[in-house]
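Heads up, the chain shows up twice below as structure tokens, two forms, tagged structure 1 and structure 2.
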Structure 1
Amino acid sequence: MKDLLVMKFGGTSMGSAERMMGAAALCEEQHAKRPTAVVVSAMSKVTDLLLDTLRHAEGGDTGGVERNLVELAAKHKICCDGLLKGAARAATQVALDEIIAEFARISNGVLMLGERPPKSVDEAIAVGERLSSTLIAAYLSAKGIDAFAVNAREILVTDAVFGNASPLIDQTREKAQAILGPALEAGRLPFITGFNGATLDGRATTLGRGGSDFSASILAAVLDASELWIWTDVDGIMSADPRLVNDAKVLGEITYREAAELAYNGAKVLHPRTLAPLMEKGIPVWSKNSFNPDVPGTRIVEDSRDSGRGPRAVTSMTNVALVSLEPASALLSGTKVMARAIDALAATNAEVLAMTSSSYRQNFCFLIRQSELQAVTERLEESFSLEFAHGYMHPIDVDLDVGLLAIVGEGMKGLAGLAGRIFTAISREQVNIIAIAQGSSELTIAIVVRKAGVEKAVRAVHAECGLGG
């Protein structure tokens, strides 16, 4: 579709009736100029609330489930009352109640079973986006705009890795073009749920926490959009997390590769997998602030003159786990152990944040997100069950008291002395370095330290590299 704009609004941009009106105004403005498709997140904190409800249900806590259902309904009713009047309000409230009733049914199922089957969890937590898309589409329809809500379950086809699914691009393209294409041609304005999808045989899936960015980039790619705008609550992608570093500055332009590295290494402003679908087609992305829409934000493109020399940003993550594997017998090939471990990681769609090996005995370790730890260790236990049983491998060692620091920039390549300066800055803060990884592309230096030292190290590196505003 020619000149299509895909926009995505995050949880805070959808967080109240007032915020939704702001988002709707931005949609209306763009829709008046060009074909526009919008992907929305759930209202902020709603996905957490849904997950918490399912945890109460699993634990048999009926009271906890009921309290959360009341909170969920109230939050959306207040928003509906703030957005709509009269018949439109009544009709939308009925639609919201039906979606909430579906969620209540799944929660009751979990209560009865005493467990949370991953398939049911994915169906249940997609409810947040279904509610928010229903609200904003109804609000604009009531204003006379031809807006409508779409459940991405109908268009976004994924594999069956529940909770962390990956898109099947060709099948998604086919469905998205068949369902959204004619509507866009007719000048309609779709509001598509972020975060969720379904397998080819129709089972509900989700793309991982924060996955609405990824939904938007998948749809932008399959609809051949000319741009993707991601609306959030900060002025763009910054040299560090502004919550950790006071003088973090907004980056005017960065490359896909830089943005992807920042996202993978903890810059929450973008879901890690967002850039991949867009890079091949060179679709530019803007990260913009819905609270401050006049500021241009950050442009993410294939090549950027801004990249210059040296690092551009530093990110960190603390919800990570350092997993170490070590053969106990010299008969076991360390290389084969690595190969099988990587296979196990791939089978769970887990993302390796850093991987290092330095000893001749091929002890090797990798860093993953804690959210992926259980799936990974289960898979490793299964894959090496014989070796563990016969004592050919030491038990898997998991260290949770660690954090990751990543320094990113295309301009770091070939810059002698940079690593030395970074390590010196970190050691001045009395923070010990546990593991280091830098690929030969020199795009990122990843450093694993004790959790307590992460924030100090981020500030020290940000200052040492002169990244602040």
Structure 2
Amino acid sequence: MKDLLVMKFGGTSMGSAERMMGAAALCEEQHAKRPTAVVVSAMSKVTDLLLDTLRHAEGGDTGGVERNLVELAAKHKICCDGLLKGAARAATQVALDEIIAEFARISNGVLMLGERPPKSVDEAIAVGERLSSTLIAAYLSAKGIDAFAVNAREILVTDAVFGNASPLIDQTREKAQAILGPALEAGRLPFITGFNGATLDGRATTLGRGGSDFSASILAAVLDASELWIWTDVDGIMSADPRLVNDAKVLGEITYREAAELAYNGAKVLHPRTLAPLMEKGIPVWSKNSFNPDVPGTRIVEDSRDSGRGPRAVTSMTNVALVSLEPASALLSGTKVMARAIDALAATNAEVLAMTSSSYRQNFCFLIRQSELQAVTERLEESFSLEFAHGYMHPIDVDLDVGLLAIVGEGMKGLAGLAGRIFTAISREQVNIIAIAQGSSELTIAIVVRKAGVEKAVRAVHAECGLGG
């Protein structure tokens, strides 16, 4: 389809009747110009409420389940009342009640079982997106626009890895073009649930972290869209966290690789997995602010006119753990220890944020998210149980008092003296560098420092690299 625009709205953009009206106005404006498909998240905090309800159910807390169901229904009724009137409001409320009743059924099943089967969890937490898509589609329908809600379960085909499914692109393309294609050709405006899909045999799945953005990029790819616009609550991708750096600026344009590196290292940017379908098709994506739509935002493309100019942004993370392994015996090959440790990391699906090693002592360390620490250490202890038992390896050392800062930019490769300037800027702030990692592509310089020094280090590097507005 020619000139198709896919737009995606996050939870804050769906957070109230007022915010939905704002999002709907943006959809109406673009729909009047060209074919448009929209992916929506649940209302802000709703997914957390759904998960909390399932936790209460698993623990046998009937009262907690009932309180949350009342809160869920009330939140969406208030929104429905704010968006619609008369017969349209009544009909939409019936549809909302039916969806909430499905969630109540699943919650009661978890209550009886005393456990949360992954398949049931995936089916349950997709309810938030179904509710928001129903509301915004009904609002625009009441205004005379041919809008309709679509459950992505009918379109997005995935594998059976519940909680973190991956798309089956060919099957998804077939379904999307069969279901959405004719509707878009006819000038209709679909509102598709983000985050969820289904296996080939119809079992509900979800796409994991960043799932709604990922849904939008998959649909943009299989429908051969011209652009993807991601609407959030910030003006675009910034040179640093504005809460840490006063003169942080919005980047007008960055590359897919820069965006992926920033996201991987803690920035609130599209997850690397989200960018993959867009990169394959060369579809540009915009990061825009639905609260401030007049600001252009940040454009993410294959090759940026701004690339090749050195560092573009600095980002940081503090919810990380530095894990160190060291052989205690020269009989144990450090290379083999590293290989087995990497296998253990792969088995837990942990993301390694940085890794460094010593050539003489054969010890090495890697940085991971604290949320992944327990699974990783358990797997390492299992993998090296004999070595630990016989004293061939020192105990695993875990340091939680650390933070990561990462300097990202396509143009850093071969920029003489840059690393030295960065390290000097950090040392001037009396911040000690614990570990450094830099790949051969030189797209990212990752630096581990003490947690207390992260903010000072970010500001120092941002200033040294001249990234401010």
Ligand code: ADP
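Please read these numbers as outputs of a predicted model, since none were measured by experiment. The first residue in the sequence of structure 1 is number 1, and each one after it adds one. Note that the rigid core is defined as the largest set of C-alphas that superpose within 1.5 Å between two forms.
Only structure 1 comes from the form predicted in complex with this ligand. Core-superposed comparison between structures 1 and 2: the C-alpha position of residue 314 differs by no less than 2 Å.
Relative to the superposed core, residue 19 undergoes a C-alpha shift smaller than 2 Å between structures 1 and 2. Relative to the superposed core, residue 433 undergoes a C-alpha shift of no less than 2 Å between structures 1 and 2. Its Cα shifted by 4.2 Å between structures 1 and 2, residue 422 is reported here after superposition on the rigid core.
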